[in-house]
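There is one chain below, alone, in structure tokens, taken in the form predicted on its own.
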Amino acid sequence: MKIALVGYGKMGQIIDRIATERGHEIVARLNQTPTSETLNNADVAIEFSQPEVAFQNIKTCLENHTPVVCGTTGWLSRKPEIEQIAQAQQSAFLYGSNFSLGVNLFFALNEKLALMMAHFDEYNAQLEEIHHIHKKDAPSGTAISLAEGLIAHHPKFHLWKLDETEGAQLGIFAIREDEVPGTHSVFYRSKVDEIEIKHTAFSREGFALGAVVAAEWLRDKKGIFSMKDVLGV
């Protein structure tokens, strides 16, 4: 495929290497809003930029009929607008808060555990995420996905909040520490014990590989998708 990289920071550079190793051609490496010229007839764009510019980046790609795989978090209040644009343009959009295979399996495990724990009122839930000090948004998109998955399968909780769990508000502790790629934990605590599930990323490699696999899967498709569609989980 011909791939445009929209956002060429650390993640973009790793994606560049992995995509090239898998036989793809990188036709654009952009740190500014793309145009029809700079997209250079790409088959798909992979967007890892910053929250404040993600919406315009994605919108421009879709309006130029370039399908988009997006891994930027912190802009999701405008995601419904992007989905409408993708459908109007008969293009394709795939958002992932995390493209790691392990994390997407973790998402499924989180939902199954929430279903089990819904029957035990003595346990209260809490989420925690730890990321490198350069990450601008908090909580992480992955933590939000975990919270939304838990809320959808546990009747006690109706929305999430930063900090400690309070009543129907599921709490997320967001910690920024050193160069941590990403650690996410879900706790269920009672007076006598604690159940914890946890995913720890050792590097950004898994995120980058997953984004390239998603781009390979998205080519020639139309519609709104997620990593659940890519992985069949």
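Worth saying up front: this structure is predicted, and the values here are computed from it rather than measured. Start at 1 and count along the sequence shown; that's the residue number.
Although not depicted, the form predicted together with a small molecule is the subject of the following passage.
The closest non-hydrogen atom of F93 lies beyond 4.5 Å of the small molecule in the predicted complex. In the predicted complex, the small molecule sits within 4.5 Å of a heavy atom belonging to V53. Among heavy atoms of K135, some come within 4.5 Å of the small molecule in the predicted complex. Interface membership of N110, defined by any non-hydrogen atom within 4.5 Å of the small molecule in the predicted complex, is ruled out. When you look in the predicted complex, the only residue of T33, T200, S190, S36 with a non-hydrogen atom within 4.5 Å of the small molecule is T33.
With the small molecule omitted here, the record of contacts in the predicted complex names 69 to 77 of 115 to 123, 148 to 156, 69 to 77, 85 to 93, defined by a heavy atom within 4.5 Å.
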